[in-house]
Structures are given as structure tokens and as C-alpha cells.
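Presented as C-alpha cells, the chain that follows is alone, the form predicted alone.
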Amino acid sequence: MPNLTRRSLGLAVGAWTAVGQPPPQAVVIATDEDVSTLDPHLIRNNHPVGSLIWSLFDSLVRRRPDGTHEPRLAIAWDQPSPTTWQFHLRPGVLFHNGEALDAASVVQSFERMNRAPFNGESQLWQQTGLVSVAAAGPLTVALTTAAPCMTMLYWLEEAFVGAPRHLAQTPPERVGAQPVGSGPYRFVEWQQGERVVLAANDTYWGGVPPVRRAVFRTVPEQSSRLAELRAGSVDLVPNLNPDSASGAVSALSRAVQVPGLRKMHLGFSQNGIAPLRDRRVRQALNHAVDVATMIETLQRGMGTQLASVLNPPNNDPGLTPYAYDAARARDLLRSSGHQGFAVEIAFDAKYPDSQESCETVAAYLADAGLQAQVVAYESGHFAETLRARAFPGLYFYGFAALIEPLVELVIFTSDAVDNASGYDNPEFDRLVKTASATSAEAPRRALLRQAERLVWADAPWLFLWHLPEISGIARRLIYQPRPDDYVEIYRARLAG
């Protein structure tokens, strides 16, 4: 956000900010990167941006950790027809600036999501086939889609509603610097590169959150985050890897692990070098890497090898992981005519074990006769290259930390924003899009099974493992981490 000084980013938060120390009852979450924006319609990652937006704003419905849906701004919904949804809003909800929530507020936010640049991030319209949104009464919103949409609730869970007057009268860059929502926390201050401060919303419809003040601090070095956790100046350090989990344990802190949903992989860029466009090559490289041994060593046995592009319990039990078979890998490369080629393996610092993982994969690929070069990308450049589908070879990434088969599969459709590998199979697109418009459960499930098996055989990724979700948590903080790495600090409380 250019031309914004720290003074302009925040409101007064009390004398404690002058010395840079939170008050004793503030809960401090240490993250590895600063937020890029706090605009509710420009979310680019689950954490920290998504975690903050979930704290500041509300959506019509919210996704529980198990993938089911809970009412938020909408207290009920129905479908008068297969292509029409009606959402009945919670009465008496106020935004942080005192504006009242009504159907017109929802319409305004949803229409904003359909305009540039917000429609590049908010996927509500393109993924649901939404064609119109209208107020059907003061507290009733009607959504109309071009065809039946089985994933409407999922996409609404990432469609946040902002204060209408604030959105209309405030330049977009200021909206991202001084957000106004209706969520459990109010925005207090953002000091770029240092912290974002939130205060409990005393008029929140869901009740005042037990944690009265939350501070999301930017601490780039993991060793520093862990040292502060052990010393008691930080309360929560999410996204630890198995190697660092022991570093979260002290008299004041503990390590907590929950089953992870994020699928770690090396994407095969099909807009890059020609060999990666050949399915036999992609299958060969999957057979060339001993993923099970990598899990035992690099992940300390904590990960599980991917056996599908769908997370349990919705995956096809008939599918199995690609087996390590060096001879099979060489045979497939030989039959493809692509032997001994050079390939780049790109990574950034987003995942703590990314470099070691890439170097290990590079060694396996070298054994298969390839010339693999591991290249470190600056995080911003990595993100830009990912979005542009512009990697020349392989890239190390984790994706789809959710339990919704249609959405997990839609990221592989050719026109999906998140299809970073550039995978393009018209038959796969047809299966997924047909399933998305099929309301009958049995036929839809059959279509999803076909699509799941097809993309698994096509291997747009070098499939690795489910990333364990490990957090370092202060003993004074009672909090259950989510498997998708969002932080819901409003569900936490202090012990005692």
C-alpha cells in the first residue's frame, strides 16, 4: 500500500503502544509474514490475512473445522428453485462504525466482489455461476445462478460483508488499511512489518470474545518465534514443522498437533519445459521419489502420503499412493523420449522444510537421470510466479486444506484461478462442471469419482504428503487449532 505512513494506518491504542509492549492480557500470535492487505475481498492466503479477515468480518455462513456449515450473518437459508437461494439475515447486527446490516449491505459487498480487482481474488461469482444478487426484503437476500450450484455455501464462507457506507466512500487502498466489518474484533492498528492489533467487539452479536485484545506480530525467523513462545512473550505460533515442534515446549508453552489437510506437492508447470506436458514423464517422476522415506526422515513420521487429490474421508479408497519404483520411472522416461532433461525445482520460505524437501527430491530425480537444479525464490516473486502459472519446471507448494470434494477438484479445472500448474484436460473439466450442477447425490458422487481417478492418473503434481498441522501454544491459552491453518483467536480463552 503506497504512500501510507504508520501514523495513518492506526488508531490510538493506549500508552502501551509507545513502548511496543502488549498489555498482560493481550494474546500475541507470531506469524512469519506481514499481511498484504486487510481488504475483505482481497484474501490471498489462509494465514495471516485470512485469519485476520475472519476476525474482523462476518460472512453469511462459516466453515467449521470439519467442513460443515454454521449460520453467521444468515440465520437460515432455503432454495425456492434449483438456481435460486434465499438467505435470511440476522436482525440487529451492527458494523464497527455503527452502520446496520441489511440486505442492501450484502448486495453491495457481493457486487464489489464481481468488479476488478476484487474478482481476481474473490471467486464467489465465477465458481458458483452467480448471475444476480438482490434484496428480497430488508433482511432477505436472493442469489440466482445460471445452473444449480452444489458448492454455494462453501464459496459464501469466503464472501465477507463490509460496512456499506465505508466501502462506498473510502478509496480501496484505505479500505485495506482501515477495515470496518461486523466481526468479533474491531481493527485498532496496523504497523507495517511489525503487527496488527485487534480489540474485542463489545457489541458483537455472538457475544464478546473471551480474548479481549489480540496482536498478530510479524516475526520472520522461526527460531525467534519459538524463543519468544518459550519465554512467554508470544502465545501462539502456528504452522510449525515436525523438526521444530520440540522447540515449542517449555514451562510456559506446549506443542499441539492436529491432523493436517494441506496437500504438499511439487507442481508440474505445464506452461514451462516440454517434457512436463507428457503424462508419462509426470508419472515417472512420481515413481522416482521415495515419498514414504521422506516422511519418515524429513517429517519425523508425522505426515501421511497422499493417495488422492481429495482429503479423507471423501477420497476414493481404491486409489493408492504412487509407489517408489526407480526402474518403472526409468522405463516411463525412456518410452516418453524425454531422458536426461534439465529441470528447475523452485521453492520459497513459506514452509520451514521446503529447501531440504526440494534438495531431497532433486537427488532422487538425479538418480533417474535428470539434471535437477533447486532454486530459492523470494516469497513475493514466488507468489507472483505461482499466480501467473509461470514456473519453468517444478515448484514446492501446499494446497487445498479443506474437506469439500467439489472445491478440491475444481482447482484443477483449466480456468480456475488456483490452477497454478496449468493442468488442462477437457474431460476432467466436463466431469467436474457437470458434478457441480448435479443435485442428486449418487450421480454427483459417480462423476466426482471419475474426475478424481482421472486427475490422479494424469498427475499434475508430484504428490508428497499431508502437512501435519502443529502449533506452539502458551500454557495460559486454551485453544484448539484448525486443520486448515486458519487461526480463530475469538474461539480461544485464557486459563484461570
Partner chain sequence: MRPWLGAIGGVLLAMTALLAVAAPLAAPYRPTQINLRARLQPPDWGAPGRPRHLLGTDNVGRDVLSRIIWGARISVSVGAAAAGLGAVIGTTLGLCAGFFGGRTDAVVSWLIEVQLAFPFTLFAIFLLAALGGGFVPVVCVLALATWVNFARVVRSQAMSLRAQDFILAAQAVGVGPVRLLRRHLLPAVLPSVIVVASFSAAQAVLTEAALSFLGVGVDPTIPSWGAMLNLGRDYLSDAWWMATFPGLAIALTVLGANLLGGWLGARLEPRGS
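Numbering follows the first chain given and starts at 1. Only a predicted model underlies this, so the values are computations on that prediction, with no experimental measurement involved.
The discussion below concerns the form predicted together with the partner chain, not included here.
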Please tell me which of 294, 188, 365, 103 lies within 4.5 Å of the partner chain in the predicted bound form, judged by heavy atoms. 294
Could you tell me which one of 136, 258, 376, 146 places a heavy atom within 4.5 Å of the partner chain in the predicted bound form? 376
With a 4.5 Å heavy atom cut-off to the partner chain in the predicted bound form, the contacting stretch among 79 to 87, 216 to 224, 324 to 332, 308 to 316 is 216 to 224
4.5 Å heavy atom contact, residue 298 to the partner chain in the predicted bound form: yes
May I ask you to check whether residue 246 falls inside a 4.5 Å heavy atom distance of the partner chain in the predicted bound form? yes
Tell me, yes or no, whether residue 347 is in contact with the partner chain in the predicted bound form, where a contact means a heavy atom of each within 4.5 Å. yes
Contact test in the predicted bound form: residue 128 vs the partner chain, heavy atoms, 4.5 Å: no
Scan 345 to 364 and write down, in order along the chain, each residue with a heavy atom lying within 4.5 Å of the partner chain in the predicted bound form. 347, 355, 356, 359, 360, 363, 364
